[in-house]
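Just one chain follows, in the form predicted alone, and it is written as structure tokens.
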């Protein structure tokens, strides 16, 4: 399927510690996929491998029929991949407006600002502020604005709700679901599991670097998910 993403037998980790133990995952084109699991389960590492931040020790990453395992992060970005990491996800020395302009290229700045502020109106009064002076929640809003400012074929979002109030997180997820199209595949790693399941088409539960469950959100109840992840 055009635009689909697959991880095949991917092993990855940090230093001497292996985090992913041969995971096989499939993300059909045009879907919203939730990765859920406890801290340290491997959800973030899956996204980092896909984005090219962490190189797999073995296995393959296939996107739109092409093996991208050896691609640089820059090549993935120019091909239409957008990654919002869980930290260090804005340019601290640039203003909010400059970040939005950079993220939104080649769109005009006004278009990027309007797209961001339609979901995060809190940013409107901060456009001239340097990103490094913002609170944690404000920086997270700015980082997530990348998902709204730049059209993506593959959108990777790590720990979306970090630093956000429940109301702001709900607002973003509603906008994300509303703007979801067949041209964009979205993969979310999220600690607020109920919120993620509410917008996802497919869910993978990751436990200790392995896939513990794969299916539709409706197949998981709070009790069964707790059992899966225990």
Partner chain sequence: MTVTLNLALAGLGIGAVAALAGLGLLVTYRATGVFNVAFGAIAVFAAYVNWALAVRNHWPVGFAALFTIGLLCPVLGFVLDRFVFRSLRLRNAGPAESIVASLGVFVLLIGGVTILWGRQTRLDAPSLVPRRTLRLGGDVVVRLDVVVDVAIVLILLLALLVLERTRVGMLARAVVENRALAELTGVRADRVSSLAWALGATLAGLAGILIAPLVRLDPFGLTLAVLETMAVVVIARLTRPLWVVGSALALGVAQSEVTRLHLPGALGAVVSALGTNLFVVALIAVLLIVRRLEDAQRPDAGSTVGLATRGDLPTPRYWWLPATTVLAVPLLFSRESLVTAQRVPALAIIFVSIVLVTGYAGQLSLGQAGFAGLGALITAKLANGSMPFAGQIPSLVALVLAVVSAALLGFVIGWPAIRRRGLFLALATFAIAAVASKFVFDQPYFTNGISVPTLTGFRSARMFYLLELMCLGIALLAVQNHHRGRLGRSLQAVRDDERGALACGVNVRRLRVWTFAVSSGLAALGGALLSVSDRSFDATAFDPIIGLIWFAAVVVFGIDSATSALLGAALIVFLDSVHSDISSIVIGVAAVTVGFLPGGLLYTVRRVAVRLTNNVVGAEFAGRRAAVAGEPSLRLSPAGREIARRLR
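Please read all numbers here as calculations on a predicted model, not as lab measurements. Numbering follows the first chain given and starts at 1.
Another form exists, predicted together with its partner chain; not displayed. Remarks below refer to it.
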{"property": "Contact assignment for its partner chain in the model of the complex, among 118, 77, 111, 133, heavy atom within 4.5 Å", "result": "77"}
{"property": "Candidate from 90, 141, 155, 160 lying within 4.5 Å of its partner chain in the model of the complex - any heavy atom", "result": "90"}
{"property": "Contact segment among 160-168, 189-197, 35-43, 49-57, judged by heavy atoms lying within 4.5 Å of its partner chain in the model of the complex", "result": "49-57"}
{"property": "Exercise: residue 208 in contact with its partner chain in the model of the complex, heavy atom 4.5 Å", "result": "no"}
{"property": "Proximity of residue 101 to its partner chain in the model of the complex, heavy atoms at 4.5 Å", "result": "yes"}
{"property": "Heavy atom of residue 216 within 4.5 Å of its partner chain in the model of the complex", "result": "no"}
{"property": "Distance check, residue 18 to its partner chain in the model of the complex, heavy atom within 4.5 Å", "result": "yes"}
{"property": "Contacts with its partner chain in the model of the complex, stretch 127-160 (heavy atom within 4.5 Å)", "result": "146, 150"}
